[in-house]
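Presented below, as structure tokens, is a lone chain in the form predicted alone.
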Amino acid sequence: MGLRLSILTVFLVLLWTTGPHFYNGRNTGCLECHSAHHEGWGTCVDCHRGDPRTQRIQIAHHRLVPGEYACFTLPESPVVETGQWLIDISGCRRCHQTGQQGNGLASNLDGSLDKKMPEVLADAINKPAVFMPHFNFQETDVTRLVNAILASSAGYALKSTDFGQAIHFEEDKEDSDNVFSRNCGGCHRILTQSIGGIGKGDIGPNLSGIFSDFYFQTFKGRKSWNSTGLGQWLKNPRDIRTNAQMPPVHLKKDEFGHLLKILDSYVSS
């Protein structure tokens, strides 16, 4: 009887460890419902998280990363590559840090993998906060951006001692009587470290981080903005861009100096 029980036990163990519960030698109940793919890159949970030890969907799918947002786990993914390109050309780092590069005006995206669900990131891009530009990305591009953010986050996890970013979202501020609000805020918005978010306009581009290396290239031949270039632009935008819609802005010397302090108010990594 004891020998039969031992043989039966060994048989059941072999059946369990060689059946669909195991994937690359590791326990996964995922394969009872899903087909295996990318078998050479690890187990289901290596890419999608979840808990493979149970058949209860609510537990098995806890913090699950859907397939469209799991491309960042694959080496040399073209989805991630395109997403990183979108981050660069869109100037995301003028406010955010990702891949340990960028300005500290908004949340550090390098903590996204552990702290944010991919769907939350996608929703934040599709429905931006008050002082975040609305880029009107197509859904495929949003997926690429999320994968690129998660790829950088996987490589640059935030330390547990890092503090969250304090962000100002007020649209009506008591200290809005400043040179930017008076002369620029009707068409532009900006998120600053010292004042917070100011300006109410969406006609012109969002000017957050305009003097940083991460501001997107606004027109051919000018890689980055500086005080000299801004002064020339304000004097007469059409001298620089013939089809510019913006009218000249006449500022006194002290007003221009105040504006420079506002535009230069960001924390760069």
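Note that residue numbering begins at 1 and tracks the sequence as displayed. In this text, all values refer to a predicted model and were calculated from it rather than measured experimentally. Each form is matched to the other, and the largest set of C-alpha atoms that superpose within 1.5 Å is called the rigid core.
Not pictured, yet referred to below: the form predicted together with ligand HEC.
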Candidate site 95, 116 and 149: all three near ligand HEC in the predicted bound form by heavy atom within 4.5 Å:
yes
Would residue 198 sit within 4.5 Å of ligand HEC in the predicted bound form, counting heavy atoms only?
no
Is the gap between residue 107 and ligand HEC in the predicted bound form 4.5 Å or less for some heavy atom pair?
yes
Closest heavy atom of residue 133 to ligand HEC in the predicted bound form, within 4.5 Å or not?
yes
Should residue 63 be counted as a contact of ligand HEC in the predicted bound form, where contact means heavy atoms within 4.5 Å?
no
Contacts with ligand HEC in the predicted bound form - residues in 119-133 whose heavy atoms fall within 4.5 Å:
121, 124, 125, 129, 131, 132, 133
After the core is overlaid between this form and the one not shown, has the C-alpha of residue 58 moved by 2 angstroms or more?
no
